[in-house]
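First, one chain by itself in structure tokens, the form predicted alone.
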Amino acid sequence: MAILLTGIKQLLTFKGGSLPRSGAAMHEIGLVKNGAVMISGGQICAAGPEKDVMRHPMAKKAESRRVGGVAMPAFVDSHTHAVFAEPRLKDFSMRLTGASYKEIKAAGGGIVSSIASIRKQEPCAMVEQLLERAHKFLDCGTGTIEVKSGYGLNLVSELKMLRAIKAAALKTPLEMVPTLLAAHSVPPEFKDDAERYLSYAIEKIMPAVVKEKLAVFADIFCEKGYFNPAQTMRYLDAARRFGLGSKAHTEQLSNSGGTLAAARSGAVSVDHADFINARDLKALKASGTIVTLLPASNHYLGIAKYPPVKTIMSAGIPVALATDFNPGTAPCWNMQFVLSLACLRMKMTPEEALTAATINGACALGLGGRLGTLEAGKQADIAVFDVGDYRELCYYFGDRLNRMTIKKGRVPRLK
């Protein structure tokens, strides 16, 4: 049976097709006052002014639900590390007393602690933990997330993480896009030999992941002390040969050349981009790569410098926003808080931030043809918020305003 959502004070459709938005198009949110949405078979049949949608041939027989508030596409969170065994509470306490990254690492903290705990965790516990987190994402209005591996860093544990994502995805409405981040760091047993570990990741881990069809993308962290631009290109080129899409963590702590390498390798997105420069922007414009910004990490780490979003957008490059949910630098799953940070710290407008968190996030996962807008034929992924004006989603922070999240047309009971 068709479902008709009515009484929507403001409907944000983001109509305009399936491509990422840049420049002035990031202001075009497709605002409809007194809107309605018709859903059937998990898809949107119509979305627009209520008086128009009520004329749809299916309207008379549809089950009507008066929802009120603001309705928009469910958030697409295109960068998370949602599989981890333990929060880094020791790191948190040490950082608050002034400990440096090196001191935390020397005390057994940082990514080394996440590697150790993931390698010990039982697969069933990993799945249950991810399902608990999936509920939190849905509760905040997110319908789709990307989930990276990268805390296993050996064949057994990387496979364990990706299998857990696959298993959990079968048990939750939250859509999860799996990414192989085997090149997150050099694990301790390789004693800082990045070249030798990268060969292991490409020759052992990547083929096994592809054989089981456990990942859609491959990702790498290009930064001083991790992997360099040549290694980034080598890893991403290998991923392409294996049929995986490519992503890269670049320019987070310094300008290390990762953006240029990723653009040349045809990456769908480069993420962080705090230290991106004019040469990088030229390469991204030519490659059509999206820049995904992760301001929650800057906030958590107390970094005053945020990515130069206005410069990026002025260059005509699409920008996405994501949580970077992870145990070390961004323990945040609420995209609404990320919207507030984007506006308050990077001076994005609410319209730009919402575009970045919906259609551009979808395009950063190669899903713009199915997600990110409310148009006929698109998947019915809709978030409804208890507000009267869409700008309140960026204005209020510290709480979730989501009333319900509709995934693939399944409408839960109102909260």
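Remember, predicted model here, so these are calculated numbers, not experimental data. The first residue of the sequence shown is number 1, and the count goes up from there.
One more form of this protein, predicted together with a small molecule, exists but is not displayed; see below.
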{"property": "Full three-residue contact with the small molecule in the predicted complex, heavy atom 4.5 Å, for Arg88, Tyr101 and Tyr151", "result": "yes"}
{"property": "The small molecule in the predicted complex: contacting segment from 155 to 163, 200 to 208, 246 to 254, 122 to 130, heavy atom within 4.5 Å", "result": "246 to 254"}
{"property": "Thr144: touches the small molecule in the predicted complex, heavy atom cutoff 4.5 angstroms", "result": "no"}
{"property": "Partner contact for Ser265 in the predicted complex: the small molecule, 4.5 angstroms, heavy atom", "result": "no"}
{"property": "Any non-hydrogen atom of Pro187 within 4.5 angstroms of the small molecule in the predicted complex", "result": "no"}
{"property": "Ile111: touches the small molecule in the predicted complex, heavy atom cutoff 4.5 angstroms", "result": "yes"}
{"property": "The small molecule: the contacting residue among Gly328, Pro178, Pro307, Pro318 in the predicted complex [heavy atom, 4.5 Å]", "result": "Gly328"}
